[in-house]
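Only one chain comes next, encoded as structure tokens, the form predicted on its own.
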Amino acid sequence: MLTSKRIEVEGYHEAVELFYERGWTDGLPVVPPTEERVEAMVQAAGRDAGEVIGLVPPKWARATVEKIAVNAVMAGCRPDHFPVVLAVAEAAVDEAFNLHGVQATTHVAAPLIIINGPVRKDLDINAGPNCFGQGWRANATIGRALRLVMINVGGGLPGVTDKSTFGHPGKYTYCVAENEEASPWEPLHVERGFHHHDSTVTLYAAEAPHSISDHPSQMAKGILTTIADSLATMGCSNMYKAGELVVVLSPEHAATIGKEGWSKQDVKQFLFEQARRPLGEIKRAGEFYGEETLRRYWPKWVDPKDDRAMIPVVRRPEDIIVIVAGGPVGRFSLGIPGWGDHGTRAMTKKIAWAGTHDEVCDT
């Protein structure tokens, strides 16, 4: 039984204007959350409408299945999208993700959703051409549903509690699937301890994607050297505050690297060793706060008196998250810096998904 307050309106346009008036949108029109639509969403999840998924900061309001369903309807989700939305919400309210910080920071960070497993095909979640762009309902609405929950349940209002200096377009929706079929390695969810036929979401506090072009390199080392140089920039939060960092390899780049026998761990180790800058350079810019930066964020082996010491963009290779995504043509990859080590870690949650796709691959 639904418990949300009912509001009578004359029609669709009146409903949309009411939601604008009350600040219940992300700036785009919404689908009116009628009782029938919300009930269909809840039923698709097979969970009680009153079940509390968690508390959403900074208001610390209770995110029930029903409240999340209301926002999923508003975002344009279909009922079969809803189990994914619930898993995303569970990742967001996990204490280790630190949604409170992500909601309130002056940084541009926004939750990036990475989806793995058979659910990608069942729901036609784009992992191929233009996967970070427009054109796919599932990508657009699942990511948007989380943002509306952050606004309407958590109270993340721009300029009020959301203090981001700029934000970025991913704060509307930021959802992508891994192109597992194009990867020479195990997919992200398997790497993180799940079975290949599980469906999962991984949530990461992310900047916008940064394009990395390398068309000439025909060897793994050349491609990865270009990527490493692009990651270790003076204005990057990771360069000063470590944390995690995402690298998205295009299928072309991944194929070149994989053919030489490089493992995913080899890729991470190489990037960890090469994505560095001299201490003397980074002391003069970015977010260097002297001894505090040295003690809190950088490895203990860094000699604070040696300006030639090379500072890594993350503390350890495991802090680099590597996935494969994108279209089959184009020798580009992406670097997606994070929020740095502000108490946030990427969280992976299993989707309660029976699934309809027949392709199951055991690892």
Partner chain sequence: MAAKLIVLDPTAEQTPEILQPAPRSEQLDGKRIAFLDNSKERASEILATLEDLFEERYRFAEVVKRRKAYYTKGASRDLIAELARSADLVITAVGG
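Keep in mind that what you see is a predicted model, and the values were worked out from it rather than measured. Residue numbers count along the first chain shown, from 1.
Beyond what is shown, the protein has a form predicted in complex with the partner chain; the following relates to that form.
In the predicted complex, every residue of the candidate spot (I7, V70 and H342) has a heavy atom lying within 4.5 Å of the partner chain. Contact annotation: the partner chain lies within 4.5 Å of heavy atoms from the stretch 26-34 in the predicted complex, the single such stretch among 305-313, 319-327, 26-34, 43-51. Though the partner is left out of this view, W298 does not reach within 4.5 Å of the partner chain in the predicted complex, counting heavy atoms only. By the criterion of a heavy atom within 4.5 Å, K241 is counted among the residues contacting the partner chain in the predicted complex. The partner chain is not shown here, and in the predicted complex it never comes within 4.5 Å of any heavy atom of W353.
Taking the partner from the other structure, the partner chain in the predicted complex has no heavy atom within 4.5 Å of any heavy atom of E273. With the partner removed from view, the residue among G280, G128, G101, P158 that has a non-hydrogen atom within 4.5 Å of the partner chain in the predicted complex turns out to be G101. The listed set S199, S250, N152, N179 contains one residue whose heavy atoms approach the partner chain in the predicted complex to within 4.5 Å, identified as N152.
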